[in-house]
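Here we start with a single chain on its own, the form predicted on its own, put down as structure tokens.
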Amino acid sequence: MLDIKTSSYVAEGKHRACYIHPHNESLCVKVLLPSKTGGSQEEANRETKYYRFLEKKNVPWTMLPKFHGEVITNLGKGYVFDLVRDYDGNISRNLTHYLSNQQLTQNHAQALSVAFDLLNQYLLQWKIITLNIQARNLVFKQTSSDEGRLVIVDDVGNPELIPICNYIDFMATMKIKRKWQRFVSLLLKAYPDNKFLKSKFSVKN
């Protein structure tokens, strides 16, 4: 059994909490939140199944953390992933952290602009399906002081009962484009005063 200390807490999503792996600081362990039942386990099962599907496709783990399997922990069943860290060793912060601060956004504007484009290309090239693309589910991994990339850390997988998009590229492409446009719209609505977003996505004042 893997003994996880509460002091190793990183963050949490809707259904799971994330902790630094006790034996390897380059990994993290996601465990279901104790207050969540039913749907949380279904989501975890869906995600692990989809990750194994991506492994068979030989998807590069540049904008997704690699999945390393399941473990039993003192907090319940855990799921081991790469822990996304910046070039200086700090744990990467989510996109919300950057977009919520106008000065921080401007400091990283060029890198963020490139990162948005690369993520869109990555999703389309490898036909990667997500439940939703949201700022809180993306971290900005700084690969140097002036470069970085966006990494999807949650809500990965195809929720369809019959996942046709997993096997028909045209349908996957259409779904990804729709989700991307919704993502952009939500960002502009959530951060209406963010000058970088307005410029990036050509919104007129």
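Since this is a predicted model, take the numbers as computed values, not measurements. Quick note: we count residues from 1 along the sequence shown, nothing fancier.
Here the subject shifts to the form predicted in complex with a small molecule, a form of this protein not shown in this document.
Of the residues Ile176, Leu150, Val153, Leu54, just one reaches the small molecule in the predicted complex with a heavy atom at 4.5 Å or closer; this is Val153. Heavy atoms within 4.5 Å of the small molecule in the predicted complex are found in exactly one of 176 to 184, 54 to 62, 23 to 31, 141 to 149, that being 23 to 31.
At a distance threshold of 4.5 angstroms between non-hydrogen atoms, Ala11 is in contact with the small molecule in the predicted complex. Proximity of Arg136 to the small molecule in the predicted complex falls within the 4.5 Å heavy atom cutoff.
Residue contact check for Leu123: none of its heavy atoms lie within 4.5 Å of the small molecule in the predicted complex. Residue contact with the small molecule in the predicted complex: Thr130 places no heavy atom within 4.5 Å of it.
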